[in-house]
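Here we start with a single chain on its own, the form predicted on its own, put down as structure tokens.
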Amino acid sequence: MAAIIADNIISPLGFSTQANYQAVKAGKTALQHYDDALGIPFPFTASLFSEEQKKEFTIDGLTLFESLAVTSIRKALESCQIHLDKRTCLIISSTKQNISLLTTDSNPSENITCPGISAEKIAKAVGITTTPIIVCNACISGVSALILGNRLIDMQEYDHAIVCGIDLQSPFIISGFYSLKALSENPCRPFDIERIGLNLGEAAATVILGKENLTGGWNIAGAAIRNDAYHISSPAPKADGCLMALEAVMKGQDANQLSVINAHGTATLYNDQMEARGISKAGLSDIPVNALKGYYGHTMGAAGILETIITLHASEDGIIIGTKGYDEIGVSGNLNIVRNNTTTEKKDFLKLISGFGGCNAAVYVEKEQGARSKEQEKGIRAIFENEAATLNVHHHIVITPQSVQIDDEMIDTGMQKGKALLTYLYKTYTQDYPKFYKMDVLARLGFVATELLIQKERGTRSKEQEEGKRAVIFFGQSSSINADKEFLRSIADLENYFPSPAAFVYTLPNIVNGEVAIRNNYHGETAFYILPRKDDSIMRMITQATMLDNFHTSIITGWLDCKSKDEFYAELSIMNYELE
């Protein structure tokens, strides 16, 4: 249970948390209508930095993405006194990092092909010496990053975690959501009967977590990530993953202490309906619900952190922020949507969010009334206190462009190499999942690797162990660079402008996690982490952190990286946390 000890928001509404909170409290919005911006051939509404604002945070030698992150982190650090040493980690949540730099050039910059290198530049600029971690988990990236930071502190791996969520808009991203018919040309209307789509936004938001537990402070008291196992881009109609995340977070909590549920509230038809159903099924219909997209738009990797910060400061102020754009309920169920600012004496709140790849996350943030007891501390680490408990590898696979090895056995490759090898493996060992042919190379690599692992496992483990309560956690260096290039080609020529929705969906690396979850009906945690380079110690640390959530009986995890259609490497394992 980590404490929130400092924060910062930089957005078009202001360059500090207080400036942002006061603007939102006053009902101000950063959303503007653009008829001809960023070279995009259609009108849209978004929350974008002005050129003057960009000059304020631009730092020589850094990209705009890196500059914004560094500026936000520095401002957060100014409000607290922590020593930046080997006990401090940097976690960045972002969906597309420096994607605006990607061109049709055959040799994109290292900042694009290896986002972890960009993260190292951010770390160096703020004085952090440990290896940075990028959480690239679609729209839930920010909450995923907060959850990871909380776990690493609970595990005593670090004393402090600096968690920064950031995304900037570009023709790449806006055209992608346009291709999915998810954008609204006018200001979005979360949960409203007239809602037709989302607006996009850009921002950076930083939270500093620590093991400090001062009376009157704020703590992350509960957290969970669950997968729908339904579809890579559509929410589950029955709200499976959302409900499971809510139930996990509320276990042992008193709903009467909640001031508000801050929902994702994208103002798309299906997301808002799914959240409403999940909240209702969880028995939380009476709790006030709000959404902040009407002030900022969807800030992607920053959203989960930014919205947590605003909700925290509103709760501290005794306020529930109204849902801008909401007028008449347009979702089923008796949801208690907050239309205008209202007062509250309660402090605790719940942040709910969902994203592509079927992922859903929830965190319970509480106002601490007293010091944490020794019994609480002991309970947090109970899973690690039994020295006989170990994380064991049951099966292991390595796939290169020329070879496949499962455990100690070399697998027939049919003399195929590169992308053709992946197709050969599918045809030889699977055959019954034609969606394979729609996948990008990264997803194909992860799919065939997990298929071979699971087939090796069958016969030795029960269906209950094999399905359902399993996490899928992947690590890589190159993100989704191949799908990025493919989608860029569809928007590079304005005379032949036709953004491909099929290509855009795979420009998020965590889609491969979603494909595996859907195929195998896995409802456990799914996440994709980007590192500067393969680092077994960090990977094992995060794997162990995932198993802190005792929902999981096992995990498929490891390195999954694809630099081009013929240059890739997979090294995955099925692991189980067991008592010996």
Partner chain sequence: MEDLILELKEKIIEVLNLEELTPEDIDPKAPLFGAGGLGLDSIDALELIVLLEKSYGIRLASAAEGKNIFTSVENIAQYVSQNRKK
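Residue numbers count along the first chain shown, from 1. These numbers were taken from a predicted model, which means no experiment stands behind them.
This protein has a second form, the form predicted in complex with its partner chain, left out of what is shown; the following refers to that one.
Remark: all three candidate residues (234, 426 and 500) come within 4.5 Å of its partner chain in the predicted bound form, counting heavy atoms only. Taking the partner from the other structure, its partner chain in the predicted bound form has a heavy atom within 4.5 Å of a heavy atom of residue 438.
In the predicted bound form, its partner chain lies within 4.5 Å of some heavy atom of residue 505. With a 4.5 Å cutoff on heavy atoms, residue 83 does not count as touching its partner chain in the predicted bound form; it lies far away. In the predicted bound form, no heavy atom of residue 71 sits within 4.5 Å of its partner chain.
Segments offered: 146-154, 177-185, 330-338, 280-288. Contacting its partner chain in the predicted bound form at heavy atom distances within 4.5 Å is 177-185. Think of it this way: in the predicted bound form, its partner chain has a heavy atom of just one of 444, 96, 195, 395 within 4.5 Å, and the residue is 444.
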